[in-house]
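Okay, so here's just one chain, in structure tokens, the form predicted on its own.
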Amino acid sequence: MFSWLHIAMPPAPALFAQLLVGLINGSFYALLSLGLAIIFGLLNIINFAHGAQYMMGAFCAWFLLDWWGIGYWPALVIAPFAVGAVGIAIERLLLRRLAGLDHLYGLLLTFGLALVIEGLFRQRYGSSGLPYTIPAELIGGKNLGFMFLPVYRGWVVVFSLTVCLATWFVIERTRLGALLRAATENATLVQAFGIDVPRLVTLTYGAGVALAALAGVLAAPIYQVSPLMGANIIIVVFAVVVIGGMGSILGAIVSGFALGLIEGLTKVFYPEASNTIIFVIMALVLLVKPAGLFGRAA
């Protein structure tokens, strides 16, 4: 009767391999949800175009390599700045006109932008993935005894965690972060001290978009470059943000990595639930703590 509860323990290499996959997915969840949390927490914009901007980062890296022969390492810097500049243009030309309106207007606008961007790329490049080579320095792997660790995947986890913690430090522990938080609470008062709040808002949106583009560059050698790569991940990332707490920087980081690991473990012990486990957790969190695990009630 209860035989379905008896789950055989998988071999250690298979278990650690799935944990690594979970950590890699969690790295992308954390980077993307961090960008979303910054944009929502500091600007009150629900940026549904975040997945398209993630895809643009991957395509920007591919363009740099295919058109100009510029490799992975420069792309890690150039692509976030280029896509972040596009984000700045979007904020100044479109989103600024919705300032003060209900969140739904920003969500609908960015959702429409996502459809337009993805449609344009799909029309030009189709739906199949374009290969992007791993840099020579990160090819190969290390035998750790209990598992084989591909060097590039280990790099993605360490680099993503470093970027996430550095972003948290800037927002929570520096004067710039204090200005951003103050501008969110009382923009008029901050402007009275001579701070250009509209410019601060624009640069903050650009920084959130740049984080999405950075995740796209990191993902390109693993998942290939495809117009649909953002659409396939953005719903999961929104669930991660809701679980961590809308606008919570720490919640985005912790929830991103933790949920990636949970997803990886689910693939080992109950593969049928691996595609839904994050949404089940989201539903439970919303029932118990609607503001999210690290969020504050309005």
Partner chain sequence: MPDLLAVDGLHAWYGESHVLHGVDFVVRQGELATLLGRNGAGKTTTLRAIMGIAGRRRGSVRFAGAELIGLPSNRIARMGVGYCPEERGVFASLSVEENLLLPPPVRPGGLSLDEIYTIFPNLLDRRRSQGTKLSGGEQQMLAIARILRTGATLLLLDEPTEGLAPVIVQQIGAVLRSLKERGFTMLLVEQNFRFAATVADRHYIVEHGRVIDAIDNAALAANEAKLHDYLGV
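Note that the structure is predicted; figures quoted are calculated from it, not measured. Numbering follows the first chain given and starts at 1.
The discussion below concerns the form predicted together with its partner chain, not included here.
The partner is not drawn, yet in the predicted complex one stretch among 78-86, 178-186, 160-168, 208-216 has residues with heavy atoms inside 4.5 Å of its partner chain: 178-186.
At the 4.5 Å threshold, heavy atoms of E172 reach its partner chain in the predicted complex. Contact annotation for A136: none of its heavy atoms lies within 4.5 Å of its partner chain in the predicted complex. Although the partner is absent here, L93 lies well away from its partner chain in the predicted complex, with no heavy atom inside 4.5 Å. Though the partner is left out of this view, G100 does not reach within 4.5 Å of its partner chain in the predicted complex, counting heavy atoms only.
Along 181-217, these residues reach a heavy atom to within 4.5 Å of its partner chain in the predicted complex: R181, A182, E185, N186, T188, L189, V190, Q191, A192, F193, G194, I195, D196.
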